[in-house]
Every structure is written in C-alpha cells, then in structure tokens.
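Let us start with two forms of the same protein chain, each given on its own as structure tokens and named structure 1 and structure 2.
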Structure 1
C-alpha cells in the first residue's frame, strides 16, 4: 500500500503526521489515509518515545477537502455489497462508522495531538481537525473551514455534528451545519473552533510548541467532568435548547420544503447526540448518516451536483481527437443584455473581446455593464481596469480581425442574424468557429449563413450571464467536432458548466422549462387558485412558481414566441391549454414585471408584489367549484416536465442523462434534491413513471402521453443511468 501520511519523529518526541495523498492534487480521505492514521494512533498509544503528534498537510492546495465522494459511490442508495449475515442498515452503519470511530480513537489516544492547518479544511478535512486537541490555522482570510456536506444531500458523518456544537454552541453550529456555510480562520477563532491563527510559515512550530507544553493535553473538553456546552446545557429540560430545534425544524421546512433528508437527519443527530457522552453521540451520528446514505436522494445529488458536474467541466463531452483550442480573442456581436454579460465573463477569464453593435453608444453601453458590475463587486481599481482594457467596443467589422471565436447575440430575427453572420465571415473567413446565442431559432438553419456550417454551433447562455452557471452547447445537423471542442474549451475558460445537446426547437432547456410554465397556465385556465399553483411550485423545489417566473420572463415574450412558433409550424402547431390565458393577458396589455402588471401586481416604489386579485375571474371566469389537491398540482407540474425531458431523450436532443440532469438543475432550477429529472425517473422506476403518465394523459390530454422509449425501458426493467453505464462500458 502507498503511503498517504508521512511520519517524522523529532528530538522532542513529537510525531509530525503529514497528509499527502499520492496522485491527488488535493488531499481527500482515502482508505490509505485511514490505514495510515490508524497506524499512527497505534504508535501514539504504544510507543513511549512518542510524546504527542502534529497533524498537517503536505499539499500547497490546502489541508484536506474531505471524503472522496467518487470512492464512496458504492455506498449510496444502499448499493454496498452486503457481508453475509448482516442486515442492509447494519452493513451501512459499519461502512460509515469506521472513520467516525477512527477519529474518536485519535482524540482518546491519551497523548496531545494538534492540527496545523495550512489551507482549506472542508467536510471530512475539518472533521480531522476537530478531532485534534489543539488547532492552529494559517493567517489567510482566503482559507475556508466548513462542513458543506449538506450541499450534496449529505451531512458530516465523522463527528462533525457532535464536535462543532460542543465547540461553538448548538445554535451557531446548526447554522453552519444546515447551510453548509464556510468560515474564515478569524471567524473560527472567534467561535472557539480553533485556538490560534498564525503566519503560515509558523503553524507547525506553534502546534509543536503547544504539544510540548501540554503533555497532559490529550483530553477533549467534552471528555472532562466539568464540560459545559457553550450557550447553555444540551438537555431537553433546558427551554432554550428545545426552542432551537423548534426554530431549526421550521427553518428547514421553509428552506427545503421538507424535501431533503439531510437537514432533518442533522437536526436529529445534534438533538439526540448532544445529550449523551461522545462515544454514544458518534454512534447516533453514524446511525443517521447511514439512513441518509441508504436513501437514493444523497446518491442522486452527489452524482449530478458533484460527479457529473465535474466530469462535464473537465470535458466529458469533448471530442477527444481535437487538439486543445483555447480562445484568445472573441468577436462579440451585439452588446445588449446578453452580449454585455458574455463580454464580461470572457474578459474576466483573460480573453480579449471585440464588442460590436450598430452604434458606438450601444457598444459603449455594453462595456459599461462590466464596469458597473465590477464596481458593485468592489474589485480593486487596477484589477477592474485590466479587465475593462480587454473589451474593445466598436461598430466596425474590420476590428474583428484576429478573433478566433465569434459569439453572436443580436436581435432574435433570422434576417438580422444572417446579415451579421455574413459580414463577420467577410472579415474572418469561414474557418473561425461561429457560435450563436439564439434562444429559439434552430442552429441548423442559422448555419446556412456561414459558408462552412461544420464551424457553426449554438452557445446558449442564461441571463444574467455572470451569475448563471450553465451553458447549453447546441450541435446543428452539420456542426463538426472542431466546433464542439472549441465551444467546450471556451466554456471551460470562463469556468461554467457545459451540456451538449442536439438541435431542436427550444433545444433542451427552454423546451422543458417551458412545460413547467405552460402547465401552471393550464391549471390557471381551469380556474385553480393561483396561490395554490405558486406555492406547490415552490414546495416541490422549483425556485419560483410558474406564474411568477412567467412574469419575470415577460408575458409579451411568451405571446411572441407562441405567434412565431404558430407561423413556423403552420398546421403542425398544437397550442397548449394555457395559450388562451396568455392571449387574454396580451389583450389586456399585462406584460409582467416589466410594466408592473402581469399575474402579479408590482406596487410603485418597490413594495412587495402580490397576485392580481382579478386574475382568475379575468382568465378563467372565476374559481373552479372543485379545486385540485396540492398533490394533484404537484404531479402535473412535475410530470409535465418529466415527459418532455424523456421526449428530448427519445428524439436524440439529449444523448446522455447526465446532460439532462445538469441542464435541468443548473439551467432552470429543477429541484436539485432529486438529482435532476432523469435521476428522479430512475428512482421512481420507469414503469411507475409510465403508469402515472398514462393516467395523466387520460385525465388531461396527450401532452402527458409517454414516448415509446419509456414504455420499452419499462418493459425491459431498464433505467436511464443503467443504460448510460452500459453504453460507456
């Protein structure tokens, strides 16, 4: 076995334990780390020459990032192989208790152990630190210490839910545990989570000095008789203690709609664990951890939010045989809302930008967008200036000379797009890759304006560009591998998450997201209470209700898109049941937030918006006598999206479930706790999905009818991810 923790005994008998996991740029908890730590603990216990230890990192990148989530994959969803004679939960408990017990062994080894933390310590990394008796952190405000497990549906399972409350008090600890928030070294010092903040060069010496000066320091405060919880005793008899959990439970309900297992498990582990001694407390923690791990939710979240996301960012969908094609200078056509944002993120990534619009005023305004955003961020003036210097506003196509990538974001009109495409080709020639940021126009058609359509691709951003993490890359019928590689390399440069989809009306994200809004409109058109529609939308994990989001996008835009689609499709056009609602709102001139009246009313002076009181009467002739239940509304809002996602897969718009899940979560905010629509369908079971869709299609129409692909999968007992794994093998 390779060495993951190097040991070095000094003249004072202090054992320096340097974690340096081979083959990893950042330390993570591997089986080797655990084995080496176990050996070191044994030595501390048995070797009289060893007086104590200092735990530090051999990586400049930081102390330790936590568990190796990829390596833990087999545990999730209860997928671990069961040892004979063990129940599933008992086997899972053993699987997760090992590390917890190991860290308990460290803090009860009888000799003082200090941590010297040179950089970030997150998740399991911080749990290693908390199990030491004394903690010194390098004085660098950029260092983050935290337990962010909840962000991927997990919770700290190596003592974090027990040691943090005992160090900082239950209420502040819950804030960090439930929000996954990080703290700086100074904040950690203030909370008593660490004892010393020192210059980076001195941390090991300081830690050693403490060990040397405290030969009896090998006892944690919670293992002493007089231990008192900061902020008051942890007993159900203490009214403050009880109240914290009443509040915590309510907050969790509000924030996560009671959809997530991990927050509830954290609250339970802290509540129960803090009332008992540490040896029992960590068993309680591991019990809840095993429960969370046994549910598919954590595995789904980790796969999408961590594994698939990282793989996409590292080029999972990039054609392998195309050499790296980083962008040095981008031609940004159109300096409006989108063009300005794309110019900003490009310049921030060190890319030169030529920002072209029809007037100098418009081009300058586009550049001013970056200046404004950087000023709001309070970026140092010289740094901001260097970014701004990379953006050259212009109206002259000759200035595009030397650009090695074009991104077009002019008006959403075929003729205008064709004109600027041809004018650009006249300067750059057809070998440069041309990306269009169109939101609705099929890429294959737009590519006709570029004489080498293999070099034409869709690069679809989301608004506001600087905040939204996803970029949808759209492959037209003739798009070639060089264009895909160039687009993906560019997305990597600007540090966003790409998905790759094939051309179709609305591509993937707009098409599927639209169904959420349309189903909301359909419900409204039937006379459903608007507040019910909106609240259920949020309760199921969507960021906002369908009516609110339509107000944000603009009801006039929905009307225009419907008219354009009608014109394009002719007899093939099938209007949805919500269309009459949009037509009525258009007739009344209600455009949404932009003119302060849509489904909501936006009071002058920025008061809180509220649902337009006349809404149901106006668009549906009044409330329906019989209202659907919340469960019915949820089913319709959810399954209308699921069936459209499945259709995208069946039609080849999507090639992988990973693209589908990432696009849904990061593109339109599909409930992250599901891991995305494809993970969700797999978890529910495809046969069950088909049965629900068949029932909904009977009740509400063909828009719910499952595609043949789902029926075939159900018949085979197949799932999207099993299929993807077979294809990858």
Structure 2
C-alpha cells in the first residue's frame, strides 16, 4: 500500500504517479517516497497492462523540494552499525548510491515515463524530473527549477551532475551546478532541460498524450548509440572540453578559494562522469558525493544554513504563551541609511511606516531611498507606488499616534537616543513595544529612558538592510516576553532570519565581528604588510579583509564607539592593540569610503580602490623586519573571533550554539563553509581549540585567553552541540 506516491491507472494503461508526502507542506524525498517509487518501477517493468507512467505532485506548493535534509543525519556518521565486511566509506557509498540507482532504474524500465511539473522542482526534486524521458512544466514564471545543493555544502547526488550536462551542455550546466542557480520554465525550455511548457491545468494531459504517442519512448538520449553532448564531445581530446575545466577550476578557486569541498567534487564528477556511460557515471557521482558527505563540512553547513535557519524563521526562540502580535504600523525614528532601509523592508511587507527625522528634508530623503531602490529593481510603477504610499515622512512626534511598534535608529550616543525615546513615549505611552537598532550600546541602559523597560528591546539590523538577512534581537535585563514575541513576529513579517541574544556591550554580532577588525588593526600596527592582512582575510572565507570592512563601516564610527565605551566604562576600560591605529587615522581625517580616504584610497570618478601607499609608514613606522606567514595571520584572525564567541556563550550572551552560528554567518559573513564558529570549534575539537588559544595568548596577549567554559568542556571531551542536544532532550 502506497503512503507517499498514489497510483492511478487510466483506460490507456498510463499509470499516474502522484507524489504527496503525508505531514509535509512540500514534497521531500523520504524513505517512503523511495519505497513507493521502487514499487512503481517494478510494476512498470512487470505489468503488461501498464504502458507507461506520468510522475506529478499532489501538492499545490510545488513538485518537490529535494531531499529531507532534516532526516539526513544517518548519512553524516550517525546511527546504524556497519554491515559485516563493509568499511565506513563503503557503507556510506551504498547509502548514497541507493537513490541514484533508483532513478537509473526508472529511466531504464523500458517504458515511457513523463514528468508533469506543477511547481518548483529543486535539488533531488529536479533530479526526479531529469530521470523522466519527457518533461512538461507549468507555464508560470514564478516556478523555479534548479540544483542548489552547493549552497548547503552538498552537490546533486542523484544523477544531477550527469544528466544536466547531457541535456544542456557541459559549460552551461557547470554554471548552474557551481553557483546553485535556478532557472525559469522558459529558460529550462530554451536549454533543452524540459521539452514543453504548458498551462498548469493541462500539464498532466500533455504528459499523458506524449506517453500514449510514444510507446517506444522509454529510452534516454544518452542511452542511444549516436548520442552527442550539446556543445561538443566530452573527451579529453576535445580542446574545448579541456578548456571548460581549466576555466571552471580557476573560477571556482576565485569564488570559493580552497575552502569548499563541494565545488571541487562537482568539477571532478562532471569531468570524469561525462566521459563514460551513464551506469558508470552515476557511480562516479556517488563516489564523490560520499566523500563530501563523509567530511563534517557538509553536516555543519546543512545544520546551520538549513535546519537552524528554518527553525529560527519559524519561531524557535519565540515565547510560546504569547498570542501573535503582528505589526500594522511602525514608528521609524531616524531616516538615515539604517532607518531608510528599515522603512523600506517594512513597507514592502505591507506595514505602514511613519518615518521621523529632525528635518523634513532628511525625512523625505529617507523615503526617496525606497523610491530609488525600487526603481533600480525595475518594479512596476503601480506596485512601487503602493509601497511608497505606506511611508509617511514627518518631523512631528504627534504623527506617531497609532503606531504599534517603535524602532529607533538615531545617532549612536546615549543622550540623543534617550531624548527621542522620551519624546516618543509622550505620544504613544509606555505600553507600545520600543525597539532600538543600536549596534553597541547596552539595551538595559537605553531602556532607562522608557518608563516600562519590560517593553524595551534591541532590534539590530545590518547594512544594507534590504540585502542583509539577519536581525539580532537583544533582550535587556528587564525585557519581557511580550516584547520578544512582538520583535520576532515583526522579523517574520519582513522575512528576515532572527537570532535572540542577551544584553552586553556590542551584544553578540558587533562584539565578535569587531574582533576580526581589531586583530587586523593589531597586525597592521605591528608593521604587517596590509595586502597580506587583506588577502588572508578573504582567503579564510570572510567577505572582505578587516581593513576594507573598517573603511566601509567608517573609521570615524569606530573612533566614536571607542570614545563612548571609554566614557561608559571609565577605569574599567581596556584598550585593544589596534586602537592607536584608529586614533592616528582619526587625527588625519581619514574616515574611510565616506570621504574617499581611509586604509584605502578611492579615486575620483569611481576608479578601483587601492591600499593607501603610506599606510604602514604612517601608523606603524614602516614594515616589520620579520613578517608573519599567511598561516599565522589566518590563525590570529580566526581564533580571535572564536574565543570571543566562546566568551559570549560563557557569559550567557548566547544561549544556543545555533544562534551563535546563524548570527556569525548571516550577520558578519563568518566563513559559511565551517557552519559557523561553534560548529567549527566542535569539528576541530575543544581541546585543540584551547591548546591553540593558550599558545596565542602566550605569544600575543590575554585577548586570546580561553574562558574557563572551554577548559571545562575540553576536560570532559564535550562539544557545544552535544550540550545543546542534552538540553533539548
């Protein structure tokens, strides 16, 4: 009896296979799906009454989203005992080859099989489609077809690296495989990935019509004697074939460095697999897939970039006993870069926005930010106008009446923030939830300006707001559950990914990201070659080098934050080794990109920026006689971040490693291939992390000293995610 694929045989002998996985909003590949498909294939082979089949979906949400990543734990080293006589890798190969072999059985069953694709088909879902002999897709430009596995550290492991190049050609296929790009139905038709695009109501009938008209159509092109690859033969003797992989290898190195396993595996699987028959090709693909799966990298990336991300977006940290609290009208205090961006994403989500600033010119400029961005997106005029109509610029606090959420994004000084907070409460009263977008100032202190601090919370966005996916929710000492729920509901409305952290100076993201920048400044102050610092930063997986990111944020802001911190902490303030560099740049009036001079020089007319030639001489008195190795620079930049992340956990700023990994990857671009700092520390081993930090502390100072938490974990052989699992049990 089928549970995930329902079967229906019509009068023409065509078996309709409708995938409808119970308990899932979207079809995913589960053991039940595989078992049902295997049974259907056997029926196709043995039942003479069945002339062919059509594969479709019973869900309005789409065709299939691919493998159930949440259920892939057994593939990543967990679970069952090894079969007798099998090595771990051999058993892993057998596990990953099962689906690949199943889809090969489908396309060699001897009878025509067509796919009727009613919605998105991604990953394994598209691989199901590619294994069919004929493919009809609904005519809807919103439908996406693609193999995005590389985005979570995997690659297509059910024939995708072999069938896609045979359909569209090796070079275009590699572009889609290596970038995880999606294609529309019309693009898929143009590439020959599908054979027909039809109205959604007709796709099953069109697929059945093809099956009926092609009783001998159950043979794939690549299984025929005279098959040729689009774009030329796949042989090392073809200079174009070799050139594709020379260029592909170079591009992959530029885009992913040497950090990612999956891109190299894709290149190898395509190169080798395209030169042999399909039965051997899919075994080659599964060999490389097993190697990728066996490395912790894939498991770490899937956990952080998919499982933890989805859980956060579905409200994993939301107080369960607080009723839904959607935002209808938000008061946006401050129309600068951050305020304008927050206003934009709010209005796009259907929320009314009152955008307040000190002058009408500034408020109007904030609204114009949305108009400019929408114009660049070439949004239809009526839709753009509807969004703009939701934003009301003002200078009058009285216009805030009726707002049910406040977000403040004014200058990063305690006095100014207190003034606007009190002026807002005078209009709205203290029962409205007030969120501050501060990036460094403790929420508990800012909440003193709001008479009900339980309704005061941090809602920290990242710049540019419309592009950055993360929002950091900061809980002050007196913040109540209603404020947390309101903030998380708002973040869900604007379709961002939230993390929840407890209050501290710099919270989690700003505090830990700052260490990457500060260690870069420390290296610079020691006379290290600036290009070495910058290049190593990028090579280790960070989006940009520490000097470049400081220029983007603004050296004047770094200086102001340091001065505010000094004023707040008084005698308890401890300056970092890179502080003198910022002070010197401040004296020179070098503010970064904003005034076209910082660590980099920004030529007039938009020329390519370059490192200021006098930089090292000015801030360090010249290059050091002995330069550190690239490995030494990488270790310092990496472990300075790791130890600060661990301190945040030890101090209770972070409550879960999931929040820590999500915040690092999506907040400051911490090397995604690691799965985040906590996944990385678990993978390296806490004892090894402690040993490295002890050595660095001895060489470079107490900023590298590991917290007692790490020492205790190392002593008992523990890990962050093992602790989290015990708490959840």
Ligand code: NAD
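Rigid core here is just the name for the largest C-alpha set that superposes within 1.5 Å across the two forms. Predicted model only: the values in this text are computed from it and were never measured. Residue numbers count along the first chain shown, from 1.
In this pair, structure 2 matches the form predicted alone, whereas the other structure does not. After superposition on the rigid core, the Cα atom of residue 526 is displaced by less than 2 Å between structure 1 and structure 2.
The Cα position of residue 397 differs by 2 Å or more between structure 1 and structure 2 after fitting on the rigid core.
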